[in-house]
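Single chain ahead, written as structure tokens, the form predicted alone.
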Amino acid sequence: MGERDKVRRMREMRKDAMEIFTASLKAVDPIIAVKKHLSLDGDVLQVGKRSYDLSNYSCIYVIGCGKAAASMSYALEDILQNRISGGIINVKYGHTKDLKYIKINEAGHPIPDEAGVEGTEEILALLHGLRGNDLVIFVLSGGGSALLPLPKDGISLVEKQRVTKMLLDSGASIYEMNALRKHISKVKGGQLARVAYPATSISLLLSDVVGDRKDVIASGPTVPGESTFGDCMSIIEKYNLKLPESVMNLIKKGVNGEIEETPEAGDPIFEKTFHVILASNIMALKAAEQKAKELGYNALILSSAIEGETKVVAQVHTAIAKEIRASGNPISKPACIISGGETTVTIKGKGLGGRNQEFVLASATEIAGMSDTVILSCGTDGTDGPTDAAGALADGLTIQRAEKLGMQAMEYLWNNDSYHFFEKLDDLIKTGPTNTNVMDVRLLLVR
């Protein structure tokens, strides 16, 4: 095959990859997800398998946080209209919708800021006034942990920001990060449910965590906590974290039993709570699988639960590409391997990027010269790390193109500078805020 034919094939495969990714996003649109699970017939609100007679409630409020909170609230307003008495949600800057009954507070993510604290205080003020005949609907999605910041007394916002930054850079998993964030917070780990009690509460969850654990999504503000102060100390020791003195003192007091744990299962505050997961990563992957088949690929979903160091995960995926080319296993060409979950990056360099961009860059070095292979990896929220890109796209000719521009891929990889690498190649994928968040979608195409 001539060079022009190779380039033409790569261009076609890149187009296919983008169509497949777009299909995965549509499948987890929060507005569609809410309306799939909620419906109103007269005074009866159907939420999943449960029914709520709204005539029994004096007021209905909507409270929430996360990158998808505005879209979820938009759907609720469309369903409930003026039955909504009011509400407050904290969202990431730019992740908004035009709402009529619910106030939007834009705040910082992934590092919490003062706007997030102020919005959380407003939420608490509203919840403190709820009564037994009130109904509160919580809309919670990925990003909620950073967007609902209210440190415990004695811990400043600056110190909380330092903790968040250290955890992000350490390579800690989302479970580990949220365990710590819960225990230095006034609202996470079921503590928001404690404030809302005795009102009836419904939590609508858009899952951005492996295993769809309700206590981990947005750090579980309305869900019984499963982690302990002892777990927090183990995480600190595991990653050798040099946390602020105020935080360490709090954790030590918790370990010694001087501070109570977050609310646990069986606590009366959870008797009138109900949780439903509206959308998750596997839904996005299944939609990607269907689209790939429509485009003529043999499609296979590896897993929606892939975690671990990004570079290692990239090596596994590219090894599969090589096996497909060599033996036709685990599926034959034209092949589309699909995976999800959320990997981590241990920051060692001073560059700019995110786990998806780093995955693609690491993969590009492994598939160099394979002119029948394309790799895509994107965050479904439209944001990868502290960048304006959702992810990136590469093929077997990417490294060759980079070298012609005088770029050495491994230098960028060592410096965690995948953003600038792909920026120069015009291979960043920029969707803008998608207003959804169900972790990542990775595509491996071999034709």
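Basically, rigid core = biggest C-alpha set you can superpose within 1.5 Å across the two forms. Heads up: residue numbers just count along the shown sequence, starting at 1. Worth saying up front: this structure is predicted, and the values here are computed from it rather than measured.
What follows is about the form predicted in complex with a further copy of the same chain, which we do not show.
Comparing 313 to 321, 219 to 227, 265 to 273, 98 to 106 against a further copy of the same chain in the model of the complex, the single stretch with non-hydrogen atoms within 4.5 angstroms of it is 313 to 321. Taking the partner from the other structure, a further copy of the same chain in the model of the complex has a heavy atom within 4.5 Å of a heavy atom of Ser304.
Contact check for Gly296: no non-hydrogen atom falls within 4.5 Å of a further copy of the same chain in the model of the complex. At the 4.5 Å threshold, heavy atoms of Leu300 reach a further copy of the same chain in the model of the complex. The shortest heavy atom separation between Asn133 and a further copy of the same chain in the model of the complex exceeds 4.5 Å. Checked against a further copy of the same chain in the model of the complex, the residues Lys152, Lys286, Arg162, Lys214 give one hit for a heavy atom within 4.5 Å, which is Lys286. The listed set Glu309, Glu77, Asp372, Asp113 contains one residue whose heavy atoms approach a further copy of the same chain in the model of the complex to within 4.5 Å, identified as Glu309. In the model of the complex, not one residue of 124 to 162 has a heavy atom within 4.5 Å of a further copy of the same chain. Lys238 shows a C-alpha shift of 2 Å or greater between this form and the one not shown [criterion: core-superposed Cα displacement of 2 Å].
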